[in-house]
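Just the one chain here, laid out as structure tokens, in the form predicted on its own.
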């Protein structure tokens, strides 16, 4: 069931999203050659808790960290470890915050030092996919309008689209209805309404579409070990506009 939010509830979610955006900005500034995902995870937990929030991922269905750190061919749900980042890596940072019971969710993929031209292209096109999807996230449209915009832009650029994982509603809990696939499939296609709060999140591969889940039950990798990028925003829908909540601008 899709849970619509009223103005007060969206205001509370907006506060959570602003803290998340601030945390993401600080995190991105820490990404450099030699830092470890574990160090980024510890910073995330400390930063959120000092500001009165809780890391929404920590303990969620048993997830062991506050931050998902996915490097190179890891698509999503990479568990932070002690391996130091290297020049030329790309790293996806995915996190959520529970602030007074209201949940935010966002992700970005950033370079570690100088990266290849193909990696730069992947990051740029994936972020464009996100904003193409957000452009279609407006009252009166349907979920598959978002899906088609993401998928079409990826395919126009000969990129793979992850189909096993998708965006979702958010706000009262980390994953709510509706699901928001990044391709147009046979599933439900509800009309978008005022009061919806959605996490839109393209996961785009430099190679094929296929992915595999590792034995840890969390880490998702591209089947062909091609690079993967992930961008995500939480947005709120109003009758006259759509607001990106997980941004400082």
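Residue numbers count along the first chain shown, from 1. From a predicted model like this one, the values you see are computed outputs, not experimental measurements.
The form predicted together with a small molecule is left out here; the points below concern that form.
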Although the small molecule is absent from this view, report whether residue 201 comes within 4.5 Å of it in the model of the complex, heavy atoms only. yes
Spell out, yes or no, whether the shortest heavy atom distance between residue 94 and the small molecule in the model of the complex is within 4.5 Å. yes
Can residue 68 be called a contact residue for the small molecule in the model of the complex at 4.5 Å between heavy atoms? yes
Heavy atom of residue 153 within 4.5 Å of the small molecule in the model of the complex: no
Answer key, the small molecule contact in the model of the complex at 4.5 Å (heavy atoms) among 77, 144, 73, 132: the residue is 77
Contact residue in the model of the complex, from 110, 139, 148, 174 (heavy atom within 4.5 Å of the small molecule): 174
Verify the flagged residues 125, 210 and 231 against the small molecule in the model of the complex: is each one within 4.5 Å by a non-hydrogen atom? no
What stretch, of 54-62, 26-34, 40-48, 188-196, brings heavy atoms to within 4.5 Å of the small molecule in the model of the complex? 54-62
